[in-house]
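Shown below, as structure tokens, is a lone chain in the form predicted alone; questions about how it binds or moves come after it.
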């Protein structure tokens, strides 16, 4: 049994405010032979400094940078050790200092956390976070095995060197405990693929019915192809600054009011039971009838302690009382439909055992109480792993700045990526959005970050 000490649950604080001011993306593809990794990173950085309505020119931004953070999941894909050094040089930031972050699928979120710590401490005042993944230089089967090696190779790898198999077992356990219909999981896939149809960056958009998902080819029972994230090539950039620099750069700085991390054992079977860590919107009475009857322990095999830990710290850091009421937007790490339902519970959108209600009620949809993954998420748009957590925050930034249409609805932007803007394109701009949250998740829950962006009051 795990018991926390007082110091374990100390709420983090920034010594000075941290802001995000601009973001840039590439489009995301299964294969991208036309451009190398450095070119993709340059493209994303150029969008950030040239197309975000900054009040200073790109050269002034470059001259303001004093630290850089790079985010790449695996050297294996591009067969280049110290790839960050190569990108750093290519972007023109030598001889400034830099670090490269690797925490599996949460690498992008962890990269932003590292940048925020640098700014909050006073070490730096302007930090670009650049993330990418090059997943097209190996066969899909090999790529799956590379990704799967982010789980414990001594144990989980015996399940077939594929993350879908790991999560399929979780899905089976979760359904056993909570009787979640397959149709509920299919709704998540349909929603995220459809929202990707409004994004020029999306790799896997589509309008599907629940029947399409249920009849889709199975990857690992019960998960179908349409319920799994895509393997992508692409890059993303987020510019993190202190308050003075943020206001010098833009009239619409967005505050990073909290970003916190949690972790859990790499080997899922090593996860010991513990008293449930309650979020601000929960009490012991919330679970009086659930644990001990439908489930025997927590977090068990169907909840993510790392997600709960990250949310617990971030909510207290940012003063969040009820995520369903306090957030206007949410980006989850929807690597699989089952992990999305699990995350709904871990971050307090519904109590444990009732995650299905969030999607079934309509709360997760555009114009619902808490629109989720309007970007298309990992299922519909991308999972270029090192870029993913950054991509989520870029999408939130543009929503909070009221720039969804600018970055998604311009026909010329679609043409830039060799696409035609759909005749039935619709704006997914959330009106008067004030605060958003993003969950960046690794492995079977080994690392998670929870980031909260909000308009300054």
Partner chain sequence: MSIPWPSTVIEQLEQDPFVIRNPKTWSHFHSYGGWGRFFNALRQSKLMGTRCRNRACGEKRLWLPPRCECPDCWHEMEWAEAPQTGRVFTWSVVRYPGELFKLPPGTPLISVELEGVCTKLMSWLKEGEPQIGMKVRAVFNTQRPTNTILDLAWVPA
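Positions refer to the first chain, counted from 1. Predicted model only: the values in this text are computed from it and were never measured.
Missing here is the form predicted in complex with its partner chain; even so, the following discussion is about that form.
221 is the sole member of 207, 221, 321, 288 with a non-hydrogen atom lying within 4.5 angstroms of its partner chain in the model of the complex. The partner is absent here, but in the model of the complex a heavy atom of 172, alone among 172, 117, 263, 98, sits within 4.5 Å of its partner chain. In the model of the complex, every residue of the candidate spot (156, 267 and 301) has a heavy atom lying within 4.5 Å of its partner chain. In short, of 135-143, 121-129, 331-339, 226-234 it is 135-143 that has heavy atoms within 4.5 Å of its partner chain in the model of the complex. For the chain shown alone, residue 59 is not a contact residue for its partner chain in the model of the complex, no non-hydrogen atom being within 4.5 angstroms. Remark: residue 168 counts among the residues lining its partner chain in the model of the complex, judged by a heavy atom distance of 4.5 Å or less. Interface membership of residue 181, defined by any non-hydrogen atom within 4.5 Å of its partner chain in the model of the complex, is ruled out. In the model of the complex, its partner chain stays beyond 4.5 Å of every heavy atom belonging to residue 366. Contacts of stretch 84-103 with its partner chain in the model of the complex, defined by any heavy atom lying within 4.5 Å, are made by none of its residues.
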